[in-house]
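The chain below stands alone and is given in structure tokens; this is the form predicted on its own.
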């Protein structure tokens, strides 16, 4: 069976939790072929890959949101009345009408032709007239074009034929999954690690480049994409219960939703040899050095500890090449606080060599799904201080059916003083620290191992293959 795995802004070009999840799914299921459909704002090449593709990856299709398809450039846009109405309802967020996807992807010859057409102008004009607080019509028209042109371009790309399509998010990836499922009559699964539309909503509300008048349209747009994916999906999956509630609020049908937690290689990480040499108290963080991980809070917490006379080393492991400006700001903050000997950015390393040397792990993100980094550290017996985002609380305190105790502390985001307080407590209470670490190790062993996750996806793929027919490609 050939599976189309749709990813957006991640595998195989950007490392991180979603990419690691995709890589694990593919590697752990060698019996299936995978076609990677990678959506990105701009083109990537093989040289940009952060992962070595497993042998069961049979193809990689790079789709860019800002480049037009070369399929059909010269034909005139001619639409029937029912097609115009279907398209209008979709573009004006009145309905997630899947037929509109076929109008955009199959009937309209090119996005350039459509956005230069009278049909587009009349639709924008109709929407503008319904606006309660009208600004400039020209600005409104360009907002429409900026919002919808990537959608047309995406749907007009040449796509691979597969037996099942699995999207690693909603958004553009989920939209394409819905279109492929309907056009190829194949099962469609979507797995959300974070809730895509809510994450975009938070970004839009903070964005200074979007006029406040248009923010509601952009927020509606991303929720619209999610609802379209939910409508066509056979299964809507996520990693933990709080996310499932968000999916239901946005419009997912309850009977389609299910939870499959992340899994890590527990056997490998739980048996790492312990390092017993004399050394300062060692704090570890497995993170990409990007703003969403809020590395500055870690550095500020380190300064607070240093001012309290604490001796420690704080090692930050993870890629340094995704946001060079932010990395430079973090390095500057370390230097300005005279922390060069205590806080070290070591880049992308083999975590197996570092984990046994740490006393605790820390994660100070302002947004997360179910962080693999914390699960990996817990597998190695590290207690954690984490921020209350995503599934972090659940990882530290367990679900309702969890018999194990706490495996660390949860603090609100962007509170370096509380991070420092909890670290200091763990420094002072080594027996309790050890106990927390063992609680976390047991929790991962019970609920978050690779095979737990893979078994459930294997079963889903088997059901999809049986329901829609075997090996059609």
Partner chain sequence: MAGIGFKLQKLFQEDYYSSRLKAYAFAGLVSSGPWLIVITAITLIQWLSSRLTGIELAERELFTLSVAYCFIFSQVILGIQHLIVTRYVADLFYEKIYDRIFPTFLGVSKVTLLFSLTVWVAFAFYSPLHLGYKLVLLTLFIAINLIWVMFIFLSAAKYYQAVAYSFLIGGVVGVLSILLIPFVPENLGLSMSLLMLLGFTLGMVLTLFGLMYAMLITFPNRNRENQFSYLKYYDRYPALFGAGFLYNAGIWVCNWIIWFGEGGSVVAGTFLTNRLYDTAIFWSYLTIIPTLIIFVVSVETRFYERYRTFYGFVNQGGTYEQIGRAQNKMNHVLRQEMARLFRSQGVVSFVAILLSAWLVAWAGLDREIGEIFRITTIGAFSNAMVLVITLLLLYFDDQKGAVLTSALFYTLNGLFTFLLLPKGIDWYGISFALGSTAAFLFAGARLIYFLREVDYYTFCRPAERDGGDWFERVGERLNRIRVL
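Rigid core: the largest C-alpha set superposing within 1.5 Å between the two forms. Since we're looking at a predicted model, the values are computed, not measured. Numbering follows the first chain given and starts at 1.
One more form of this protein exists, namely the form predicted in complex with its partner chain; it is left out here, but the text below deals with it.
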| property | result |
| --- | --- |
| Which of 279 to 287, 80 to 88, 251 to 259, 117 to 125 sits within 4.5 Å of its partner chain in the predicted complex, heavy atom basis | 117 to 125 |
| Selected contact from 214, 326, 102, 152, since only one has a non-hydrogen atom within 4.5 angstroms of its partner chain in the predicted complex | 214 |
| Listed residue (95, 203, 402, 265) with a non-hydrogen atom within 4.5 angstroms of its partner chain in the predicted complex | 203 |
| Residues 8, 137 and 172 all lining its partner chain in the predicted complex, heavy atom within 4.5 Å | yes |
| Contact label in the predicted complex: residue 453 to its partner chain, heavy atom within 4.5 Å | no |
| Any non-hydrogen atom of residue 194 within 4.5 angstroms of its partner chain in the predicted complex | yes |
| Proximity of residue 218 to its partner chain in the predicted complex, heavy atoms at 4.5 Å | yes |
| Contact flag, residue 291 vs its partner chain in the predicted complex, heavy atom cut 4.5 Å | no |
| Residues of stretch 173 to 192 in contact with its partner chain in the predicted complex (4.5 Å, non-hydrogen atom) | none |
| C-alpha of residue 288 moved at least 2 Å between the shown form and the other one on rigid core | yes |
| Residue shift check between the shown form and the other one, rigid core fit, residue 322 Cα at least 2 Å | yes |
